[in-house]
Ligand code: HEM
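Only one chain is given next, in structure tokens, and it is the form predicted alone.
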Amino acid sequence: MVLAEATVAEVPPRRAVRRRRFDIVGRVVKPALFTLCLLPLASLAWGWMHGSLGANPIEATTRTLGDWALQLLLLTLAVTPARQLTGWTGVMRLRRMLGLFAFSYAVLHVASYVILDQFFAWTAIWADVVKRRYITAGLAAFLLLLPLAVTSTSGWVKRLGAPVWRRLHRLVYPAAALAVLHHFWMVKADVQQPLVLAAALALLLGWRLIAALRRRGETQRMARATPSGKA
């Protein structure tokens, strides 16, 4: 009897196991992902110090920052499908960090264009926005991402309310579409990478559309199955 009680006591409760898994995400996965997200910046810094960014380092810097902003944005959109496919809910804890890194790279991309490329020549910048469609699309994408980054904290979820917050953050879909369009229009010769990224976005948005249609269908079936007058 004593042995049985000791054996039962040694079995970790489910909550303890969940906390342990939670700690794995917080202590291992997040720091590793954080470090990986900083590697492109480290690579650019190394390139500037050693002069290995080519004949036009400013253009290389601006494009690299924009490429990583777009790729991280698509990776952020892939978090929910990854949870649905794998059943691993811990991956959702990585979404905010990925989204903020995507926005940070977008900020640096814009700053590189404004400061390094144009030297704060606001008249020339405005002329580019008006005349060059890829800059127009890129600026629109950045402006759509701005309120999402500002309201990314849990405090803003409480202030706005979850339904309003979710509707606001659906702006990420047109922002991603405009970012892909910005990238496609900017590339003049080799469009292979823009097409791959566009296909990835189409796949991610298609997944969400199918999931939404399924949820709507299930809701309608449940409504039809519920007898009238009963909850």
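Numbering starts at 1 and runs along the sequence shown. Since the structure is predicted, the reported quantities are computational estimates derived from the model, not experimental observations.
Omitted from view is the form predicted together with the ligand, to which the following refers.
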Would residue 139 count as touching the ligand in the predicted complex under a 4.5 Å heavy atom rule?
yes
Classify residue 134 as contacting or not contacting the ligand in the predicted complex by the rule of any non-hydrogen atom within 4.5 angstroms, answering yes or no.
yes
is_contact(residue 53, the ligand) in the predicted complex, heavy atom dist at most 4.5 Å
no
Does the ligand come within 4.5 Å of any heavy atom of residue 98 in the predicted complex?
no
Looking at the ligand in the predicted complex, is some heavy atom of each of 113, 145 and 186 within 4.5 Å of it?
yes
For the chain shown here without its partner, which stretch in 161 to 169, 64 to 72, 40 to 48, 201 to 209 has non-hydrogen atoms within 4.5 angstroms of the ligand in the predicted complex?
64 to 72
With the ligand taken in the predicted complex, which residues across 174 to 206 come within 4.5 angstroms through any non-hydrogen atom?
179, 182, 183, 186, 193
